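In structure tokens, the next block holds one chain alone, the form predicted on its own.
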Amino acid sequence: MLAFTLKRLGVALLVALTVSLITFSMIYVSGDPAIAIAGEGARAQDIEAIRKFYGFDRPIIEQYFNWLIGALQGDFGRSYTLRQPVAGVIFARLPVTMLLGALAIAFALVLAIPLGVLAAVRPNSLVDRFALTVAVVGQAMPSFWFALTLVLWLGVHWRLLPITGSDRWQNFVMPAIALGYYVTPAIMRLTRAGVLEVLSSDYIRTARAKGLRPMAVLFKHALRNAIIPVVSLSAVQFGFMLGGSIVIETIFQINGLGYLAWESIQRKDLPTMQAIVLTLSVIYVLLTLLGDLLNAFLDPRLRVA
């Protein structure tokens, strides 16, 4: 297990380093960052002063390593528009996004796993077709359209839930449903396929031949092994939802990292955009690593793969 952990950790570090290189290069994608900060119509002297003040006149390699060392210490620089340390802004908004992601993945798991299990136990039945319909609709329907539909019915017509804000728990109901439903089909299909495969295994037939109750066979023997791939997928989907929350947070005006990213794009606040991309990317890498380690713990065969 130690060798497997070290191997996965090395891969995660390489991925994180690659992400840091790509994130740093963002500042030069749109051209000269000094001109972007100074704005259109700025004088050449002002642009040169900004270039020296922020260190844009230094070699690229030196700029990257200075930025990387600062990021490792929690220093992402200062926001161009907010005039305060980026790290403070990030850490103030991060818990909101994490809470939204946790609620969304919880909604997806609560909906997807039971449907997947029922569809596998009763293949080609009405339950299976209903699960297939839920999967097809969830995969085909854009999350922003579903979010706007929830706003229209639950927020405007029926007035059951608040539309914007993040002060109360009710504010997270519609965003969590809109964000979680998008990843529900993948988890449900994987659960159904896993349970179907396990139910046809020899040890399941042996358990049934011993006279074990069907519920005991399903939950104690079949589901325990079928759920292993779902663990890894859920970790990946959780990280995916954190990165994709920008649309949902913008629609519902939730003060998380997604909404901050939208504000930073509008204001051309490059340090804040860099910090958001790097933070969410590192979280995604860590979640993927955690999913691999948990899978290896549950299934020792994966440790030698």
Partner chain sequence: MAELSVKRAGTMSAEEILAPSPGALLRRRIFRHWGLMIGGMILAAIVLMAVLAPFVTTFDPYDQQLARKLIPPVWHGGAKATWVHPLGTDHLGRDYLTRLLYGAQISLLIGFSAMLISGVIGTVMGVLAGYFGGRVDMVVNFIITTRLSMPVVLVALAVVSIIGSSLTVVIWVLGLLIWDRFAVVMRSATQQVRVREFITAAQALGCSTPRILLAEVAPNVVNHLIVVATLEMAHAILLEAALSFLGLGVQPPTPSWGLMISEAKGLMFFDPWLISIPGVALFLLVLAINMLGDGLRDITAPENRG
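Numbering follows the first chain given and starts at 1. From a predicted model like this one, the values you see are computed outputs, not experimental measurements.
What comes next is about the form predicted in complex with its partner chain, which does not appear here.
Contact check at 4.5 Å (heavy atoms) against its partner chain in the model of the complex: all three of V19, W145 and R192 pass. Heavy atoms within 4.5 Å of its partner chain in the model of the complex are found in exactly one of 95 to 103, 109 to 117, 149 to 157, 172 to 180, that being 149 to 157. For the chain shown alone, I50 is not a contact residue for its partner chain in the model of the complex, no non-hydrogen atom being within 4.5 angstroms. Mapping the unseen interface onto this chain, S125 falls outside it, with no heavy atom inside 4.5 Å of its partner chain in the model of the complex. Although the partner is absent here, I60 lies well away from its partner chain in the model of the complex, with no heavy atom inside 4.5 Å. Within 4.5 Å of any heavy atom of its partner chain in the model of the complex lies no heavy atom of I254. Taking its partner chain as positioned in the model of the complex, the residues of 255 to 270 that bring a heavy atom within 4.5 Å of it are, in sequence order, A261, W262, I265, K268, L270.
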